[in-house]
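The chain that follows stands alone, in the form predicted alone, written as C-alpha coordinates.
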Amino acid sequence: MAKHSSLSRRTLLKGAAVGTAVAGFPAILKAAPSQLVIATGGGKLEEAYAKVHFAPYSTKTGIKIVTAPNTNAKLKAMVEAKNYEWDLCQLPAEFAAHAAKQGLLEPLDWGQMDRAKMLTGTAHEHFVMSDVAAYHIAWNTKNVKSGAPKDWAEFWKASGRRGLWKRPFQTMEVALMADGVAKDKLYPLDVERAFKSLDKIKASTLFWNTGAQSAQILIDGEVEVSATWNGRVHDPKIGGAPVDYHFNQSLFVSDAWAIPKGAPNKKEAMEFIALAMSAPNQAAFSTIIPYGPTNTAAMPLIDPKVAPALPSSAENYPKGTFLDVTYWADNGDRVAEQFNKWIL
(Lines give C-alpha, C1' and ligand atoms only; values in the text may rest on other atoms or scores of the structure.)
Protein backbone atom coordinates (compact mmCIF):
# COMPACT_ATOMS: atom_id res chain seq x y z
CA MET A 1 0.00 0.00 0.00
CA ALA A 2 1.05 3.58 -0.54
CA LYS A 3 1.84 4.30 3.10
CA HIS A 4 4.39 1.42 3.06
CA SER A 5 6.41 2.88 0.16
CA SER A 6 10.08 1.97 0.58
CA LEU A 7 11.20 5.60 0.28
CA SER A 8 9.16 8.24 2.08
CA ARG A 9 8.44 11.72 0.69
CA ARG A 10 10.43 13.24 3.59
CA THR A 11 13.42 11.01 2.87
CA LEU A 12 13.29 11.87 -0.82
CA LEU A 13 13.22 15.63 -0.20
CA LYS A 14 15.99 15.39 2.38
CA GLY A 15 18.11 13.36 -0.01
CA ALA A 16 17.51 15.78 -2.85
CA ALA A 17 18.63 18.67 -0.65
CA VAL A 18 21.85 16.86 0.19
CA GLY A 19 22.38 16.06 -3.48
CA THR A 20 22.20 19.71 -4.50
CA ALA A 21 24.42 20.80 -1.60
CA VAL A 22 27.34 18.53 -2.49
CA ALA A 23 29.00 19.17 -5.84
CA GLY A 24 28.90 16.13 -8.07
CA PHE A 25 26.69 14.11 -5.72
CA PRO A 26 24.27 12.05 -7.86
CA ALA A 27 20.53 12.84 -7.58
CA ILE A 28 18.59 10.45 -5.38
CA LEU A 29 15.80 8.86 -7.39
CA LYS A 30 12.64 7.44 -5.86
CA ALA A 31 12.26 3.75 -6.60
CA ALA A 32 9.07 2.80 -8.43
CA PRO A 33 6.50 1.25 -6.07
CA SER A 34 5.74 -2.45 -6.38
CA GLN A 35 2.02 -1.71 -6.30
CA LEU A 36 -0.47 1.09 -6.78
CA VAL A 37 -3.53 1.28 -4.54
CA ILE A 38 -6.69 2.57 -6.24
CA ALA A 39 -9.85 3.31 -4.27
CA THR A 40 -13.00 2.53 -6.30
CA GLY A 41 -16.71 2.09 -5.79
CA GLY A 42 -16.40 -1.60 -6.69
CA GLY A 43 -19.01 -3.54 -8.66
CA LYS A 44 -19.18 -3.55 -12.46
CA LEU A 45 -17.13 -0.37 -12.73
CA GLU A 46 -14.17 -2.00 -11.01
CA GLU A 47 -14.60 -5.13 -13.14
CA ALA A 48 -14.39 -2.97 -16.26
CA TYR A 49 -11.40 -1.06 -14.92
CA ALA A 50 -9.62 -4.33 -14.23
CA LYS A 51 -9.90 -5.37 -17.87
CA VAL A 52 -9.22 -2.13 -19.71
CA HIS A 53 -7.04 -0.12 -17.28
CA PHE A 54 -5.48 -2.23 -14.52
CA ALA A 55 -4.16 -5.10 -16.64
CA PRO A 56 -2.58 -2.88 -19.37
CA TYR A 57 -1.02 -0.59 -16.77
CA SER A 58 0.55 -3.52 -14.89
CA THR A 59 1.80 -5.05 -18.14
CA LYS A 60 3.38 -1.75 -19.16
CA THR A 61 4.96 -0.83 -15.82
CA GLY A 62 5.29 -4.03 -13.82
CA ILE A 63 3.38 -2.33 -11.00
CA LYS A 64 0.59 -4.39 -9.44
CA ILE A 65 -2.83 -2.77 -8.98
CA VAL A 66 -4.56 -3.26 -5.63
CA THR A 67 -8.04 -1.88 -4.97
CA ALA A 68 -9.65 -0.53 -1.81
CA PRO A 69 -13.13 0.77 -0.92
CA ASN A 70 -13.61 4.48 -1.50
CA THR A 71 -15.23 6.71 1.11
CA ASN A 72 -15.18 10.50 1.24
CA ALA A 73 -14.51 10.50 4.97
CA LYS A 74 -11.45 8.30 4.45
CA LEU A 75 -10.00 10.68 1.84
CA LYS A 76 -10.19 13.67 4.16
CA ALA A 77 -8.82 11.81 7.18
CA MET A 78 -6.00 10.29 5.15
CA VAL A 79 -4.80 13.59 3.70
CA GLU A 80 -5.03 15.45 7.02
CA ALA A 81 -3.07 12.72 8.82
CA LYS A 82 -0.62 12.27 5.89
CA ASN A 83 -1.15 8.54 6.30
CA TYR A 84 -1.83 7.34 2.77
CA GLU A 85 -3.68 4.13 2.09
CA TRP A 86 -4.50 5.02 -1.55
CA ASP A 87 -2.46 6.39 -4.42
CA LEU A 88 -5.48 7.55 -6.40
CA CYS A 89 -9.24 7.23 -6.38
CA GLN A 90 -12.35 6.97 -8.52
CA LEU A 91 -15.26 8.96 -7.12
CA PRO A 92 -18.36 10.81 -8.35
CA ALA A 93 -17.31 14.04 -10.05
CA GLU A 94 -19.41 16.21 -7.74
CA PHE A 95 -17.58 14.70 -4.75
CA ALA A 96 -14.25 15.28 -6.50
CA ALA A 97 -15.17 18.94 -6.98
CA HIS A 98 -15.97 19.24 -3.28
CA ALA A 99 -12.72 17.52 -2.31
CA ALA A 100 -10.78 19.88 -4.59
CA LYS A 101 -12.43 22.86 -2.92
CA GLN A 102 -11.28 21.49 0.45
CA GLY A 103 -7.70 21.22 -0.77
CA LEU A 104 -7.64 17.42 -0.62
CA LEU A 105 -6.44 16.71 -4.17
CA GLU A 106 -3.21 17.05 -6.15
CA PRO A 107 -3.18 19.15 -9.33
CA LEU A 108 -3.17 16.90 -12.39
CA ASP A 109 -0.42 16.99 -14.99
CA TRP A 110 -2.36 18.01 -18.10
CA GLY A 111 0.84 17.77 -20.11
CA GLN A 112 0.20 14.01 -20.15
CA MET A 113 -3.36 14.34 -21.53
CA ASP A 114 -4.89 16.25 -24.44
CA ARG A 115 -7.17 18.75 -22.74
CA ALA A 116 -8.42 20.05 -26.11
CA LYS A 117 -9.97 16.65 -26.85
CA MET A 118 -12.04 16.58 -23.63
CA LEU A 119 -15.77 17.28 -23.61
CA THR A 120 -16.51 20.79 -22.35
CA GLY A 121 -16.58 20.91 -18.57
CA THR A 122 -14.88 17.56 -17.95
CA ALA A 123 -11.25 18.71 -17.58
CA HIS A 124 -10.50 20.27 -14.19
CA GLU A 125 -7.29 21.29 -12.44
CA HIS A 126 -7.53 18.64 -9.71
CA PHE A 127 -9.67 15.91 -11.29
CA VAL A 128 -10.75 14.60 -14.66
CA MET A 129 -14.24 13.33 -15.43
CA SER A 130 -13.81 9.85 -16.86
CA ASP A 131 -17.15 8.79 -18.34
CA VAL A 132 -20.65 10.01 -19.12
CA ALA A 133 -23.69 8.33 -17.55
CA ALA A 134 -27.26 9.57 -17.93
CA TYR A 135 -29.86 10.11 -15.20
CA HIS A 136 -32.94 9.74 -17.34
CA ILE A 137 -36.56 8.64 -17.70
CA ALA A 138 -37.36 4.93 -17.73
CA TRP A 139 -40.60 2.97 -17.53
CA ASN A 140 -42.08 -0.49 -17.01
CA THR A 141 -43.29 -1.67 -20.42
CA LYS A 142 -46.05 -3.88 -18.98
CA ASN A 143 -47.59 -1.02 -17.02
CA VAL A 144 -46.90 1.67 -19.64
CA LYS A 145 -47.75 0.08 -22.97
CA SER A 146 -48.06 3.39 -24.82
CA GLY A 147 -47.61 7.06 -24.07
CA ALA A 148 -44.36 6.79 -22.12
CA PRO A 149 -43.34 10.24 -20.81
CA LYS A 150 -41.34 12.12 -23.44
CA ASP A 151 -39.89 14.59 -20.94
CA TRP A 152 -39.86 15.41 -17.21
CA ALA A 153 -43.08 17.45 -17.43
CA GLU A 154 -44.90 14.34 -18.69
CA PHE A 155 -43.08 12.23 -16.09
CA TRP A 156 -44.55 14.51 -13.39
CA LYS A 157 -48.04 14.02 -14.85
CA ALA A 158 -47.79 10.24 -15.25
CA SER A 159 -50.48 8.18 -13.53
CA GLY A 160 -49.56 5.68 -10.83
CA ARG A 161 -46.34 5.75 -8.85
CA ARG A 162 -43.02 7.16 -9.96
CA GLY A 163 -39.48 6.81 -8.59
CA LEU A 164 -36.82 9.43 -7.87
CA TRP A 165 -33.43 9.35 -6.15
CA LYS A 166 -33.57 10.19 -2.46
CA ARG A 167 -30.81 12.77 -2.88
CA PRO A 168 -30.86 16.42 -4.00
CA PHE A 169 -28.15 15.87 -6.62
CA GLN A 170 -29.86 15.33 -9.99
CA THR A 171 -33.34 15.17 -8.42
CA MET A 172 -33.47 18.97 -8.02
CA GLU A 173 -32.44 19.44 -11.64
CA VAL A 174 -35.14 17.19 -13.08
CA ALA A 175 -37.75 18.83 -10.81
CA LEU A 176 -36.87 22.16 -12.41
CA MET A 177 -36.99 20.74 -15.93
CA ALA A 178 -40.42 19.31 -15.08
CA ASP A 179 -41.48 22.83 -14.12
CA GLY A 180 -40.38 24.26 -17.44
CA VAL A 181 -36.78 25.32 -16.88
CA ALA A 182 -34.67 24.74 -19.99
CA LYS A 183 -31.88 22.20 -19.59
CA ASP A 184 -29.23 24.83 -20.37
CA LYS A 185 -30.68 27.34 -17.87
CA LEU A 186 -30.67 25.20 -14.72
CA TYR A 187 -27.82 26.87 -12.82
CA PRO A 188 -27.72 28.41 -10.35
CA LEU A 189 -30.60 26.22 -9.19
CA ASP A 190 -33.81 27.90 -8.10
CA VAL A 191 -34.05 25.70 -5.01
CA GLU A 192 -37.43 26.95 -3.81
CA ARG A 193 -38.95 26.42 -7.24
CA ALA A 194 -37.55 22.88 -7.30
CA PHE A 195 -39.16 22.07 -3.94
CA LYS A 196 -42.51 23.46 -5.13
CA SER A 197 -42.25 21.21 -8.16
CA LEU A 198 -41.44 18.19 -5.98
CA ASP A 199 -44.35 19.04 -3.65
CA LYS A 200 -46.73 18.25 -6.52
CA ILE A 201 -45.69 14.60 -6.73
CA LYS A 202 -44.34 13.82 -3.27
CA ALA A 203 -47.33 11.71 -2.19
CA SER A 204 -47.15 9.49 -5.29
CA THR A 205 -43.36 9.09 -5.45
CA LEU A 206 -41.16 6.29 -4.17
CA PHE A 207 -37.79 7.79 -3.26
CA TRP A 208 -35.17 5.11 -3.80
CA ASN A 209 -31.69 4.98 -2.28
CA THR A 210 -29.49 2.97 -4.68
CA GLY A 211 -29.08 2.47 -8.39
CA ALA A 212 -29.86 -1.22 -8.04
CA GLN A 213 -33.13 -0.35 -6.30
CA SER A 214 -34.05 2.14 -9.02
CA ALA A 215 -33.89 -0.61 -11.65
CA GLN A 216 -35.55 -3.28 -9.51
CA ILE A 217 -38.66 -1.23 -8.69
CA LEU A 218 -39.14 -0.72 -12.44
CA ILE A 219 -38.61 -4.36 -13.36
CA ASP A 220 -40.95 -5.54 -10.58
CA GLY A 221 -43.62 -3.02 -11.59
CA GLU A 222 -43.57 -1.36 -8.19
CA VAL A 223 -43.55 1.95 -10.06
CA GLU A 224 -44.77 2.79 -13.54
CA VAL A 225 -41.96 5.25 -14.32
CA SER A 226 -38.70 6.13 -12.60
CA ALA A 227 -35.59 8.19 -12.92
CA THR A 228 -32.54 5.94 -13.11
CA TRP A 229 -29.12 5.71 -14.73
CA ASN A 230 -28.72 4.20 -18.17
CA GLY A 231 -26.18 1.65 -16.96
CA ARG A 232 -28.79 0.22 -14.57
CA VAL A 233 -31.41 -0.55 -17.22
CA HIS A 234 -29.31 -1.21 -20.32
CA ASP A 235 -28.51 -4.87 -19.57
CA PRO A 236 -31.99 -5.70 -18.14
CA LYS A 237 -33.61 -4.33 -21.31
CA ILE A 238 -31.30 -6.40 -23.52
CA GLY A 239 -32.02 -9.42 -21.33
CA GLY A 240 -35.78 -9.11 -21.89
CA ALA A 241 -36.85 -7.37 -18.68
CA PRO A 242 -39.99 -5.20 -19.03
CA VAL A 243 -38.13 -1.90 -19.01
CA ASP A 244 -37.33 0.80 -21.55
CA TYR A 245 -35.82 4.29 -21.48
CA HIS A 246 -34.71 7.28 -23.56
CA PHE A 247 -32.13 10.06 -23.31
CA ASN A 248 -34.38 13.10 -23.78
CA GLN A 249 -33.65 15.74 -21.08
CA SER A 250 -31.02 13.48 -19.53
CA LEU A 251 -28.83 14.87 -16.81
CA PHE A 252 -25.29 13.71 -17.55
CA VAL A 253 -23.13 12.68 -14.60
CA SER A 254 -19.64 11.31 -14.34
CA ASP A 255 -17.07 9.48 -12.31
CA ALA A 256 -13.69 11.12 -11.88
CA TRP A 257 -10.06 10.19 -11.33
CA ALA A 258 -8.19 12.13 -8.65
CA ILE A 259 -4.98 11.89 -6.60
CA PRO A 260 -4.99 12.58 -2.83
CA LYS A 261 -2.99 15.66 -1.85
CA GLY A 262 0.52 14.64 -0.86
CA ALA A 263 0.23 11.04 -2.07
CA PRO A 264 3.78 9.64 -2.27
CA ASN A 265 3.26 7.78 -5.56
CA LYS A 266 1.62 10.63 -7.44
CA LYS A 267 3.93 10.22 -10.47
CA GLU A 268 2.78 6.65 -11.03
CA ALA A 269 -0.82 7.60 -10.22
CA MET A 270 -0.71 10.33 -12.87
CA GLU A 271 0.68 7.89 -15.42
CA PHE A 272 -2.22 5.57 -14.66
CA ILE A 273 -4.78 8.36 -15.13
CA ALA A 274 -3.20 9.35 -18.45
CA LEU A 275 -3.48 5.75 -19.66
CA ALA A 276 -7.08 5.43 -18.46
CA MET A 277 -8.02 8.66 -20.23
CA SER A 278 -6.39 7.72 -23.54
CA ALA A 279 -8.73 7.25 -26.49
CA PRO A 280 -8.15 3.46 -26.86
CA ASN A 281 -8.79 2.81 -23.17
CA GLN A 282 -11.86 5.01 -23.08
CA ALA A 283 -13.27 3.25 -26.13
CA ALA A 284 -12.59 -0.19 -24.64
CA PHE A 285 -14.32 0.83 -21.40
CA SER A 286 -17.48 1.95 -23.24
CA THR A 287 -17.80 -1.44 -24.95
CA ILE A 288 -18.08 -3.12 -21.54
CA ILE A 289 -20.29 -0.61 -19.68
CA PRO A 290 -22.63 1.74 -21.60
CA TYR A 291 -21.10 4.93 -20.25
CA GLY A 292 -19.75 7.24 -22.93
CA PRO A 293 -16.19 8.53 -23.18
CA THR A 294 -15.22 12.07 -22.19
CA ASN A 295 -12.22 12.01 -24.54
CA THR A 296 -13.81 12.83 -27.89
CA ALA A 297 -11.02 11.02 -29.75
CA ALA A 298 -12.42 7.75 -28.36
CA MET A 299 -15.80 7.90 -30.09
CA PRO A 300 -14.50 7.14 -33.62
CA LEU A 301 -12.91 3.98 -32.19
CA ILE A 302 -16.24 2.64 -30.88
CA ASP A 303 -18.33 0.15 -32.85
CA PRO A 304 -21.27 2.00 -34.48
CA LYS A 305 -23.54 -0.70 -33.05
CA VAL A 306 -22.47 0.27 -29.52
CA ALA A 307 -22.63 4.06 -29.93
CA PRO A 308 -26.46 4.43 -29.74
CA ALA A 309 -26.38 3.18 -26.13
CA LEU A 310 -23.80 5.78 -25.03
CA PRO A 311 -24.86 9.12 -23.50
CA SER A 312 -21.99 11.02 -25.14
CA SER A 313 -22.62 9.71 -28.66
CA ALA A 314 -23.39 12.22 -31.40
CA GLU A 315 -27.02 11.06 -31.31
CA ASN A 316 -27.60 11.32 -27.55
CA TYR A 317 -25.32 14.06 -26.26
CA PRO A 318 -27.39 16.99 -27.59
CA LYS A 319 -30.47 15.64 -25.77
CA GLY A 320 -29.09 16.25 -22.28
CA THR A 321 -26.92 18.50 -20.17
CA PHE A 322 -24.12 17.99 -17.64
CA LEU A 323 -24.66 18.30 -13.92
CA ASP A 324 -22.72 21.37 -12.73
CA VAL A 325 -20.22 19.90 -10.26
CA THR A 326 -18.92 23.33 -9.28
CA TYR A 327 -22.41 24.40 -8.21
CA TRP A 328 -22.75 21.32 -6.00
CA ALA A 329 -19.26 21.78 -4.54
CA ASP A 330 -20.28 25.29 -3.48
CA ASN A 331 -23.88 24.60 -2.43
CA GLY A 332 -24.22 20.87 -1.81
CA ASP A 333 -24.17 20.91 1.99
CA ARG A 334 -26.79 23.65 2.22
CA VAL A 335 -29.14 22.15 -0.36
CA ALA A 336 -28.75 18.64 1.04
CA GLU A 337 -29.77 19.89 4.48
CA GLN A 338 -32.89 21.50 3.01
CA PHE A 339 -33.69 18.38 1.00
CA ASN A 340 -33.35 16.05 3.98
CA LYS A 341 -35.74 18.22 5.98
CA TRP A 342 -38.19 18.26 3.08
CA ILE A 343 -38.09 14.50 2.55
CA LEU A 344 -38.98 13.96 6.23
Partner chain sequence: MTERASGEAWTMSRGYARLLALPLLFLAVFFAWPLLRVIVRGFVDPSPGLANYIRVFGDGPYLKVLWNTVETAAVVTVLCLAIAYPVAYVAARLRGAWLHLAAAAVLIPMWTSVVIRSYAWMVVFQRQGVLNDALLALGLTDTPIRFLPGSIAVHVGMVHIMLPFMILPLIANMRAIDRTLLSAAAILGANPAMAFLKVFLPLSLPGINAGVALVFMTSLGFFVTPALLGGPRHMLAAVLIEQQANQLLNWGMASALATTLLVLTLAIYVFYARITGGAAGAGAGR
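Keep in mind it's a predicted model, so treat the numbers as computed, not measured. Residue numbers count along the first chain shown, from 1.
Beyond the structure shown, there is the form predicted together with its partner chain, which is absent from this document and is the topic of what follows.
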* To do: Could you tell me which stretch in 184-192, 147-155, 100-108, 113-121 has residues with non-hydrogen atoms within 4.5 Å of its partner chain in the model of the complex?
  => 100-108
* Asked: Would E80 count as touching its partner chain in the model of the complex under a 4.5 Å heavy atom rule?
  -> yes
* Asked: Though only this chain appears here, would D235 touch its partner chain in the model of the complex if you measure heavy atom gaps against 4.5 Å?
  -> no
* Would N72 sit within 4.5 Å of its partner chain in the model of the complex, counting heavy atoms only? -> yes
* Non-hydrogen atom contact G221 with its partner chain in the model of the complex at 4.5 angstroms -> yes
* Candidate from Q216, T171, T141, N248 lying within 4.5 Å of its partner chain in the model of the complex - any heavy atom -> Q216
* Out of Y135, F95, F272, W257, which one falls within 4.5 Å of its partner chain in the model of the complex, going by heavy atoms? -> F95
* **Every residue of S34, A55 and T59 near its partner chain in the model of the complex, heavy atom within 4.5 Å** => no
* Though the partner is not shown here, which residues of 196-212 have a heavy atom within 4.5 Å of its partner chain in the model of the complex? -> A203, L206, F207, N209, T210, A212
